[in-house]
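Consider the single chain below, provided in structure tokens and representing the form predicted on its own.
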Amino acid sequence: MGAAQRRVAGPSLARRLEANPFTWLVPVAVMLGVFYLYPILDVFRLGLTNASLVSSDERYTIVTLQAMFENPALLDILKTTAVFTIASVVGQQVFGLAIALLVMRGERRKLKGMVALRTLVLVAWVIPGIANGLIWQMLFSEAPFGAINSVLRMMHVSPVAWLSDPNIAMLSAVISNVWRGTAFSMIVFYAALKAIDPTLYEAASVDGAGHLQKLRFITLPQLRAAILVNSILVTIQTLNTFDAIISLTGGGPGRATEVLSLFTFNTVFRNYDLAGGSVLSVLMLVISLVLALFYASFMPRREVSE
């Protein structure tokens, strides 16, 4: 009797929940809501207040919003951020692709040391940003023991003011960031190169195409999606970079290397202006979304079969 009633009642509630795919998504949705969506919404709310780290008197106002966008330093900060981001993204893409092509070419010729080369490149990626900045600070040091200037002196070349010259400090920051981020681009391009059909290169060789022609007409078109996806990820990573810069130059000399992420950090934790930092965080989010949509507009679209 009992078994007959269970058959009539159908599967239990637990089995019906287990069979429903949305059940498996609930933990992920809760985690995203608590750790991602709620902080983002709270940052939007704080941007419309006068919140401070040293005061509990919080009220809603647009004075902070007006003050941040009327800050005369903001335009220079955005220009510095644009230079740092563009140079870093281009550098990471070029060097990442070059190393990936070098590794692929070495593997096709079965040269030894390709695994060691990949591992050596990946070492830079796993180093924390603070440590990366300190390493390059020692290399760029203008003291007598500075590594790079010591090499220049041995070559009878005048030492370079890597960190104290405002025009060269940005170059130093870009070199540091490119060195660390190139490994990620190399991984993306290496995986994409593995997916290219080798018969395309064999057919091009039969037609007499050279290396540059293969790169231009086969490799780069086949890597279009990988280049765009990598551009989105690298751009967002670079826009959020502040740990490597704060340990390398501290944003100086003056404000020569103070990017938007570092400006936001200084606004919150040095000026205790939580509302101002929230406004700048929202600005960074908007810039990241606009750039991501811009890159995505060039993504190849799959043709609909009739």
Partner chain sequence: MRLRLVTALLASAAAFVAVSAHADNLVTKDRVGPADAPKSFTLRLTNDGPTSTDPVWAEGYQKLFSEFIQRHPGWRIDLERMSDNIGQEQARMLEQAKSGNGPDCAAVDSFVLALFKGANVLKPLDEYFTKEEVADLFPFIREGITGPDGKIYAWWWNTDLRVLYRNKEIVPDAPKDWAELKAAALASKEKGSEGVLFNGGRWEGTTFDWLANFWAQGGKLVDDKGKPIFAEGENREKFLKAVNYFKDLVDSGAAPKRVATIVNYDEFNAAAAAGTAALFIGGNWQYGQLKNTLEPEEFAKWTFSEIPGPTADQRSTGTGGWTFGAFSNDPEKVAMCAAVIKEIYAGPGNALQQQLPTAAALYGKYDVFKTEANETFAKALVNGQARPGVPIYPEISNQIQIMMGDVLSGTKTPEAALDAANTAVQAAFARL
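The structure displayed is predicted, hence computed values, not measured ones. Positions refer to the first chain, counted from 1.
Form predicted together with its partner chain: not shown, discussed below.
Inset, instruction - Indicate whether residue 137 is a 4.5 Å heavy atom neighbour of its partner chain in the predicted complex. - result: Contact check for residue 137: yes, within 4.5 Å of its partner chain in the predicted complex.
Inset, instruction - Decide whether residue 113 counts as a contact residue for its partner chain in the predicted complex under a heavy atom distance cut-off of 4.5 Å. - result: So residue 113 does not count as contacting its partner chain.
Inset, instruction - Please run the contact check for residue 205 against its partner chain in the predicted complex: heavy atoms, 4.5 angstroms, yes or no? - result: Heavy-atom contact with its partner chain at 4.5 Å: absent for residue 205.
Legend entry - residue 166, heavy atom within 4.5 angstroms of its partner chain in the predicted complex: Yes - in the predicted complex, heavy atoms of residue 166 and its partner chain come within 4.5 Å of each other.
Inset, instruction - Sort through 212, 154, 143, 126 and report the residue having a heavy atom within 4.5 Å of its partner chain in the predicted complex. - result: Contact with its partner chain in the predicted complex is made by 143 alone.
Legend entry - in the predicted complex, the residue from 44, 38, 272, 60 that sits within 4.5 Å of its partner chain by heavy atoms: Exactly one listed residue reaches within 4.5 Å, namely 272.
Inset, instruction - Would you mind picking out the stretch of 195-203, 157-165, 101-109, 80-88 that comes within 4.5 angstroms of its partner chain in the predicted complex, counting non-hydrogen atoms? - result: The contacting stretch here is 157-165.
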